[in-house]
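Take a look at this one chain, the form predicted on its own, written out in structure tokens.
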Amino acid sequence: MSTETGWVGERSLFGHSLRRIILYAVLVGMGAFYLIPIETGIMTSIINPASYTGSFPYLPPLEPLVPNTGEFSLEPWQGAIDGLGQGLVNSVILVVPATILSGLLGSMAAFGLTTIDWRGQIGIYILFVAGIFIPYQAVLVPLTQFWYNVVPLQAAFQPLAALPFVESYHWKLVALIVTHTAYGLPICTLLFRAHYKKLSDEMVEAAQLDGASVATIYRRIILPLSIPMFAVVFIYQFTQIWNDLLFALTIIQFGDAAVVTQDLVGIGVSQSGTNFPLRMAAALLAALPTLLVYVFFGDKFAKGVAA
């Protein structure tokens, strides 16, 4: 009897270990499958363009191990920095204020729609929800007419061009900042509203009994409790705005105000062919800011989602 019990126990232990091995193998396989495109891009970006056609894209260049092959080269990265330099600067000028404004205004709007009772609150909330479902393509023509024919923003920027660090084409970036702020406001408002619904009403009621104004309640109570959700909204908006191409093509079109996604379209492409190492280096360089944001603020993103 004891022998049979021991055999059953060993069999159960073996089955449990086998399941763990299979689970680990599946996880490793999924990780490898996910990382293969990134590894391919990195390996391609450090290959000499002249040697690319005769190399295998998944493998690193041979030159560190086999001297004088001429395969290893940082020329693609230098070309990517030169080709995307102005676009990266324009994207930073665009993304930072647009992200902060959309998050801050979304927090204020959610505060007004959640903790304060006023007539018409439900109707305004429905408009915010409806704003999420408006596709980008539906507003391209009105958006172009608005910024180029209705609002004289270009003329207003002409006197400002004499100021330091201000260029005449910056009006396009300002228009794009306002556009992304307005289009990101509905989703930011809904995220903050869901967060504020979980907060206790007793704190706000106690502050109102003490005579605190609406601005004081928001600044002293609501804003400090919104830090985790600000991390979520900022990461989401940063990624969306940084990767946007459609609004940039519509408002900026091309020229000195082009952002990094626009410069990425044509880099490494010519009549003689496509420079794949340069394009891979440019793609990795353009994706680096969003990667850094997730690396440095990913823990706050997780806390904000779980809050």
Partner chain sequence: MAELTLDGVTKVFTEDDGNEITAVDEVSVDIEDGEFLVLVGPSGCGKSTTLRMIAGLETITSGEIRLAGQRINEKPPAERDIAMVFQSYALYPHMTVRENMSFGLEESTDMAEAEIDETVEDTAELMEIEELLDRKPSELSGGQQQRVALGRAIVRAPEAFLMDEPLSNLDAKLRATMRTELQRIQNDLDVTTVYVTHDQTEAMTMGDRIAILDDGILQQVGTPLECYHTPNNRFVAGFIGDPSMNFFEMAVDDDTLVIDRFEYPLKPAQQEAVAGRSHVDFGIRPEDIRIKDPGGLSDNYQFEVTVDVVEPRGDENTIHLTFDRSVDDPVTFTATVSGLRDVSAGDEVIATFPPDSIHLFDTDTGVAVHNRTFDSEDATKQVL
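Predicted model, so just to flag it, every value in this text is computed and none were measured. Numbering follows the first chain given and starts at 1.
Another form exists, predicted in complex with its partner chain; not displayed. Remarks below refer to it.
- In the model of the complex, P224 approaches its partner chain with a heavy atom inside 4.5 Å.
- Proximity of L209 to its partner chain in the model of the complex falls within the 4.5 Å heavy atom cutoff.
- Its partner chain is not drawn, but in the model of the complex it has no heavy atom within 4.5 Å of M108.
- With a 4.5 Å cutoff on heavy atoms, K197 does not count as touching its partner chain in the model of the complex; it lies far away.
- Heavy atoms within 4.5 Å of its partner chain in the model of the complex are found in one stretch of 158-166, 86-94, 197-205, 134-142, which is 197-205.
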